[in-house]
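You are given structure tokens for the same protein chain in two forms, set apart as structure 1 and structure 2.
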Structure 1
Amino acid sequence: MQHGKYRFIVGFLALPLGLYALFVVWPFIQSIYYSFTDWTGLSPEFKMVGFDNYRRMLHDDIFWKSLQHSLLFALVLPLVTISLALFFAFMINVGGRHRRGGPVVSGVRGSSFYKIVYFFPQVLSIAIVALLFAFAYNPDSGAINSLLRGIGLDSVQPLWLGDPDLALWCVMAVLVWSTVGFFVVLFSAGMASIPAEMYEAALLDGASRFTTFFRITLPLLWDTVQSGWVYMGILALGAESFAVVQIMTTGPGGPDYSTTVMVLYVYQKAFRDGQAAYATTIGVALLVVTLAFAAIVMRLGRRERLEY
């Protein structure tokens, strides 16, 4: 059984690892290399400039604004999204009242319908979601201000995406709405695998729903929550935030750079301003931020593994 084991393993891993190195690792290495050049992205000619791009980045006020916004996304979005998803998943699977003749532990009435409703935003492309909310946030004809006028709040007509103090929070709300359903389904699957006898024993001992969540559900679901936290943070730092900001905001990234995030700034420098080398420099910074975020979450979330 042991004869040829390693050749067998290497044979299966060689192709996927080769593809990963070619399409993931190699572009990262190229980006780091180009960050030390003056490449415009439009010409095959470039020369080495050392750390000039990094010095420029450290003195770039827009870069620091975009970094601040990206860090805010990475801190706030996972916290809000994971918290809401855990609450909804708990109510769908465990939070219902005991019904005569039914199981001791069950979800609220209509839990199957709620799963479909929560997951529905995942069916839509993020571009469509961003367009829909861009129309809804329109201060003149949008659904939100129209609703406020309809209930007599004519004096409360925010500019939403046109207000530098509100625009970033409006974008965050869209990202939460579009992603929370995925985590509801993910956590629901995890909760469904927890033996019902644990909940029944806790309820017989007089434990409340609040206690069962923090003493049973969360500890047994911790690995899934930790993975979801990292995944949501990567979404907040990457493609999801770029798509929403690019489509919804004025500029995009406005007003007055109030919604500019790092991934959008990379795109603008590379494809709008023809400064590909400087864009890769910001991309390297984004890579460092993403890796640091994942490492911190994994380190702070480390705990003894519970089995059942």
Structure 2
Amino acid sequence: MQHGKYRFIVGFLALPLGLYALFVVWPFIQSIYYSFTDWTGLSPEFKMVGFDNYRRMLHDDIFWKSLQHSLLFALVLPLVTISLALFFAFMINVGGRHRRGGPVVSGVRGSSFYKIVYFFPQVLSIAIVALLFAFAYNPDSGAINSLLRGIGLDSVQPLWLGDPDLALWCVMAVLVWSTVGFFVVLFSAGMASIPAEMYEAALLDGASRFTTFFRITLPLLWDTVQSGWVYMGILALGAESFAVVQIMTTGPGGPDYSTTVMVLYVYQKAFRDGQAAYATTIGVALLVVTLAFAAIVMRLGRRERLEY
């Protein structure tokens, strides 16, 4: 009965592998190929130019600026988002006071309500979120400056997205706001699978919330945190940062290039300046950065798996 097994397996895997090669691997190879040409994106003609695009990239100030901003996104965003999400998830699931007659391990009062509140931004499209915040940041009539005026801080009226020192942070804050809920839910699910006896034992021994979190919750949740970290980093390098920067700091990417990120720069070169080949070159650089990011996180985060 075993004869033909391999033939069967190969036949069965050929389709998904073929699709993967065609739609995932091939475009990568194609982009790398185009990065060695002078293709404009507006005409089918192009010729090979060797490493010209790469040389140009190394001397391009805006590229370096965008790289810097993208790296900042990849470092700061996961750190802030995941720390906040861990804290919220812990409070919702484990951090509550023990109530008479209730379960030993529970969240703070109203935790199910908080869960909905945190998750709510997830149902809004990132485009809507970005647009909403663009209005809130309006220095003339936006919600934030109006609030500042309302509480008597007339002298503090920052330009927000119009200020090169603030613009990038404003954009990041929006991403934190919109993604933290997803991780709260993710970590809540992870925490729900941690056996309650562990917490009970810790509580009996008189452990504080602080100790419980760092000695029990975090180690048992480590795998989830790590995948979350990689996921968030890739989002921050790619799609999400593009959407908020493109919508909120329209123009070239903030005042004086203060919010230009790599994906935005790729888009502008390909679809505004008619330099598709140079855009793919930056795209290749982005690919390298993303892969390096994932590799570093996986490497640093490696630790022994806990069985429970």
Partner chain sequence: MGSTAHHGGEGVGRRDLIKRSAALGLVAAPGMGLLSACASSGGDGQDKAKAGKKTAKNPLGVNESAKMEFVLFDGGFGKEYAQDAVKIYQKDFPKATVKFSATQKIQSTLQPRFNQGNPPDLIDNSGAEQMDMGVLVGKNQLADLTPLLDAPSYDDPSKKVRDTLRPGIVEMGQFDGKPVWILYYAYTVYGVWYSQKALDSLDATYPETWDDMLAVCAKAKKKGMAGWTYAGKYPYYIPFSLYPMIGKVGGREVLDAIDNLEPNAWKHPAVKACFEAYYELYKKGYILKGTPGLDHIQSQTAWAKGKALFIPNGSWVENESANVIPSDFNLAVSAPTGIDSSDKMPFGTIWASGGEPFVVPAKAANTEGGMEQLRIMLSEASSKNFTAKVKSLTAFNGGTSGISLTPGLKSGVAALEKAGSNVVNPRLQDWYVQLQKEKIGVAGLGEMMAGRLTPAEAIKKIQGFADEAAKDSSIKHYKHQ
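Take the two forms, find the largest set of C-alpha atoms that superpose within 1.5 Å, and that set is the rigid core. FYI, numbering is relative to structure 1, first residue = 1. Computed from a predicted model, the values in this text were never measured in an experiment.
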Label of the structure corresponding to the form predicted on its own: 1
A295 C-alpha relocation of at least 2 Å between the two structures, rigid core basis: no
Angstrom displacement of the CA atom of L13 between the two structures, core fixed: 3.5
